[in-house]
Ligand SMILES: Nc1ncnc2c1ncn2[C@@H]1O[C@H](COP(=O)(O)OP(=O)(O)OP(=O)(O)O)[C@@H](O)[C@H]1O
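For reference, the chain that follows is the form predicted on its own, supplied as structure tokens.
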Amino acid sequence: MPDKKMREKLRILIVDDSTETLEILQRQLNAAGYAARVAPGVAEAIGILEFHPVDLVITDMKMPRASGLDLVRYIRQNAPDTEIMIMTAYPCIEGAVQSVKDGAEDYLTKPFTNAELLAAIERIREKLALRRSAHAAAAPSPTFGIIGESPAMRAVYALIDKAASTLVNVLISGESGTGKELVPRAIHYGGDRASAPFVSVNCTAIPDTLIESELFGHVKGAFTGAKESRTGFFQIADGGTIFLDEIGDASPNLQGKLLRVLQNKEIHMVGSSHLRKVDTRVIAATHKDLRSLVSKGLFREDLFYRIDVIDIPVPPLRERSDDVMILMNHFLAKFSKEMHREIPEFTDSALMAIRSHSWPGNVRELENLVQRLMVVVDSGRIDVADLPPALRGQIPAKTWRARPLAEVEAEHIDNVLAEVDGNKTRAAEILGIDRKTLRLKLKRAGRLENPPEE
């Protein structure tokens, strides 16, 4: 159940020719936190829809002068963003199929419980929220290009702020594709060293034979081919920040060199006899579990504790599902600008598949998907069939299916009895039938054996 703040955003119009039904439903929905208004017929409902925004219309099927199906057709033609729920005391498969075909989102048979009504509204609310988030602009992030407003990302922002206000070393951990490389820039440019150099070094790209020269520089004639002196990465980053990416893949030789400079804040240029002091802040990142590597003897424990003063774990996309649509919008805007084409619309089924995907490739996988769709899909509308096979199986199963009326009735009676703890007298009152009729229905459904005579 959503919290009250979320429910208040859903504006509901209830349409029924029964004054009693309108009063009961409005009271129930307002008590649940929704903004509910009522109309006693289709004409009155249309008058409200013309002047007031409505998110969901809950309408009776059979009403004098104009039916619920007439209202469904009007809404689909004039207010396509408004969702519709049909309710009726005269259930039939044909009516249900027709109302869904005309654009109704759900179908409730009277009498229904308050829990059933609220559950149906919640399903519609989630669908509306998903659709609107897909059409909303990506929320601007104050954190140097990092996009996300989920609780998991807010925790990352809080750690970035703390790290930026100090000069201690930082370790950024997280799976590949999560955007770890954005965090060190946010720390550097959000702190006092923003005007000083920021140097990024990929630890897997430095051959062991060139480690000292690359990190600390060399003087002219230090070795064959050293025709002139060269400044190393730590000297370039002096007074600023050096980012050591994929430090978990650093060789034992590189680990030893890094430890010495972190301990002493000094470097020794190759071919020089002089030590040079450096004031370089170190930020490292890895997709590996360094603690596990330490326990296996594959990573130096003393180096680990030198770089792991502040640990910032970047969450995988599957743990920040609220950010999927925000990120998708960002990439859609990016690639539409690059490709000079309009941003396509997504069907509800496609959005549900995208939202439900586990995203093993994280943000990088999502970016690749959006780019692929922008290139491959020529139409302005993207459906499930346009998605890669891995995403097509993520669509939740339909909750409604065509069944015999007796089966639906028996299930509804079971639900009512469960809600009243098996009290048949109370269940009969809720169902609007007498106790004897209830027993006969239970017998036909096979729920009673040899019911006593009334």
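As the structure is a prediction and not an experimental result, all values here were calculated from the model. Under this definition, the rigid core comprises the largest set of C-alpha atoms superposing within 1.5 Å between the forms. Residue numbers here begin at 1 and follow the sequence given.
Below, we turn to the form predicted in complex with the ligand, even though it does not appear here.
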Per-stretch contact check against the ligand in the predicted bound form, the hit in 218-226, 159-167, 319-327, 305-313 (non-hydrogen atom, 4.5 angstroms): 319-327
Glu181, Glu338, Glu126, Glu345 - the one with a heavy atom within 4.5 Å of the ligand in the predicted bound form: Glu181
One residue of Glu246, Glu212, Glu122, Glu116 in contact with the ligand, assessed in the predicted bound form (non-hydrogen atom, 4.5 angstroms): Glu246
Arg73: touches the ligand in the predicted bound form, heavy atom cutoff 4.5 angstroms: no
Non-hydrogen atom contact Arg364 with the ligand in the predicted bound form at 4.5 angstroms: yes
Exercise: Leu130 in contact with the ligand in the predicted bound form, heavy atom 4.5 Å: no
Ala79, heavy atom within 4.5 angstroms of the ligand in the predicted bound form: no
Stretch 25-49 - residues with a heavy atom within 4.5 Å of the ligand in the predicted bound form: none
Post core alignment: Ala385 C-alpha displaced by 2 Å or more between the shown form and the other one: no
